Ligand SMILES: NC(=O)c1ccc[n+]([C@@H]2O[C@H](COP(=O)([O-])OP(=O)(O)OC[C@H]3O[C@@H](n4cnc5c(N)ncnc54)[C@H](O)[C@@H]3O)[C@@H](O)[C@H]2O)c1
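Here we start with a single chain on its own, the form predicted alone, put down as C-alpha cells.
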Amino acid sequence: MSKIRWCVIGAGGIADRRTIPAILENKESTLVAVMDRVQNVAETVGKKYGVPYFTTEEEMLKKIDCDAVYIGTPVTCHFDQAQTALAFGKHVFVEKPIAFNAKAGAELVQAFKKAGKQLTVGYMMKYHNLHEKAKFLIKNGEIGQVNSVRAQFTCWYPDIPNAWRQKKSLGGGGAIMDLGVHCIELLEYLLDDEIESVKAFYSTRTFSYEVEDGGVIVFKTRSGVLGHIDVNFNIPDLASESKLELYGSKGYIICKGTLGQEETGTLAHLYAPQGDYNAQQSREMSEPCVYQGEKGNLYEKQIDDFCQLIANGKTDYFYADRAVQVQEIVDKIYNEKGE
C-alpha cells in the first residue's frame, strides 16, 4: 500500500509541537497539507514542513487528495470538523476530548461506524511503557485485588490573553476538561473497568479566567475500586510529582512523572502480601522494584496504531466509545455544578 496521506486541521499548538513530527516519523505516512484559521499560523507551519496551507478545511479537502485528517483545534470545533472530514470520505484522528459533550461525541462515533471510517481520539498516555507495565502487573495479580487508586495531574496555566482553554465557550471547562479526562481514560484502561459513580469539587482560585483552575474528582468503579483524581492549573510544574498510585490487597504500583506528553518517569512496584493482622502496627520499609520510562514518543505510538488499522483495512471503535464514556462522566460533573 502507498503511504497514508495526512491533512492537518488546526496546524498550531499540539499539532506543530507533537503530532506533525510524529506523522513525519511514521514510515507509512506523509504530510500533504495543513490548515489553520489564523492565516499566519497556516503559512508559518505550511512553509516549515514544505506543504500547501489553507485557512478553511473545506478548501483544503477539496483541493488536496488525502486519506486521513488530524484535528488539533479547540474542542468546540471537533464535531463539525470531523463531520466535514467524514463527508469527504476521510479517516479521522481527533484530539481529546472527543467533542464538547457526550451527546455530540456519540453522534460522531455512530457516523464513523456507519461510514466504515476510522475515528481515533488522542488519549496517548496508555502508550507509555510504564503504564503498559502497570496494566501487565495488575492483570497478573502482582498487587492483588486493586482497591484504591489516585492520579495527580497538573500544568501551570496562568492567565493568557485569548487562550481558548480559558474560555468556557471554546474549551467546555478547565482543569477537569483538559487534564481530568486523561486521568479518567487512563485509569479505566489500567483497571479494565468503568467509573460508575462520581462526585467532584472544583473552583477558580488562583487565576481570573472563567473555567476552573483546580478540581478534585472522587469515584467508584463498577467492580468497587475507589478512586481520587486531582487536577490543577494553579500548581507550579516543578511542585507536582505527576503521580499515579494504585494500591491493592498484595502491594502497590506508584508511577512518578508519567502523566504528561513524554515517556519519562519511574514505576515502583512492591509485592507485599500479608497474612495475619499486625496488632502492633509496626511497619518496616520494603524496597520496591523500580522501572524507568523508555523516553519513547507517545505520539508516534498512537499514530503507528492508527496507520496500522488503515493499512490493514480495519476499524476499531473501542477507544472512541470509551472517549464518549469519559465525556459522559465529565458532563455529569459539570451538570452537578461542584463549585
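For clarity, every value in this text was computed on a predicted model and none was experimentally measured. The numbering used is simple: start at 1 and walk along the sequence shown.
The same protein also has a form predicted together with the named molecule, omitted here; what follows describes it.
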Using the partner position in the predicted bound form, report whether residue 21 sits within 4.5 Å of the named molecule, counting heavy atoms only. no
In the predicted bound form, does residue 9 come within 4.5 Å of the named molecule, counting heavy atoms only? yes
Contact label in the predicted bound form: residue 47 to the named molecule, heavy atom within 4.5 Å: no
Any non-hydrogen atom of residue 37 within 4.5 angstroms of the named molecule in the predicted bound form: yes
When the named molecule is placed as it is in the predicted bound form, which of 164 to 172, 265 to 273, 132 to 140, 241 to 249 ends up with heavy atoms within 4.5 Å of it? 164 to 172
Looking at 150, 96, 90, 256, which has any heavy atom no more than 4.5 Å from the named molecule in the predicted bound form? 96
Give me the residue from 227, 180, 122, 105 that has a heavy atom within 4.5 Å of the named molecule in the predicted bound form. 122
Need the contact residues for 59 to 81: heavy atom within 4.5 Å of the named molecule in the predicted bound form, sequence order, or none if there are none. 72, 73, 74, 75, 77, 78, 81
